[in-house]
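Just the one chain here, the form predicted alone, laid out as structure tokens.
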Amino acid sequence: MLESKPRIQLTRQGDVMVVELVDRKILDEVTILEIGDQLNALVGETDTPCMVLDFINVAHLSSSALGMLITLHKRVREKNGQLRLCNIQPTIHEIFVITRLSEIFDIAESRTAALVGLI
């Protein structure tokens, strides 16, 4: 069996998990499942997860990836945690607006802005 490659890069700032998505394109099911598994494992590590998801490298995102993000958001909320997204490319941000996901997710322009009030 092939070893899955890390799809995320994790750094911690205090209690905040800062997760940078590594892939430029998050389109296929295998990639989305691997990212989802890695993010869900992080959420499971703590009682009240506090996470910033950085999209600095991401240029393309599929609707399945949006579904994975919605599931992640739900799991974080169920544990009374916080999830913020940042550095989303304009074309991807437009999809968040059109689908009204921008009303659900807390989206910041930069990692610095996303961390305000969390650390």
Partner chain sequence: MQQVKLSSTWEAIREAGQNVLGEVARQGYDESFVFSVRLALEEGLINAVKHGNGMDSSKHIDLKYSITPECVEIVITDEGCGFCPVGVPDPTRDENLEKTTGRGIMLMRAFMDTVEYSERGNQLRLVKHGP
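Positions refer to the first chain, counted from 1. If you're wondering where the values come from, they're calculated on a predicted model, not measured in any experiment.
Form predicted together with the partner chain: not shown, discussed below.
Within 4.5 Å of any heavy atom of the partner chain in the predicted complex lies no heavy atom of Gly81. Mapping the unseen interface onto this chain, Leu101 counts among the residues with a heavy atom inside 4.5 Å of the partner chain in the predicted complex. With a 4.5 Å cutoff on heavy atoms, Val30 counts as touching the partner chain in the predicted complex. Under a 4.5 angstroms non-hydrogen atom cutoff, the partner chain in the predicted complex has Leu66 among its neighbouring residues. With the partner removed from view, the residue among Thr71, Asn57, Gln38, Thr46 that has a non-hydrogen atom within 4.5 Å of the partner chain in the predicted complex turns out to be Thr71. Residues from 40-56 do not approach the partner chain in the predicted complex: none has a non-hydrogen atom within 4.5 Å of it.
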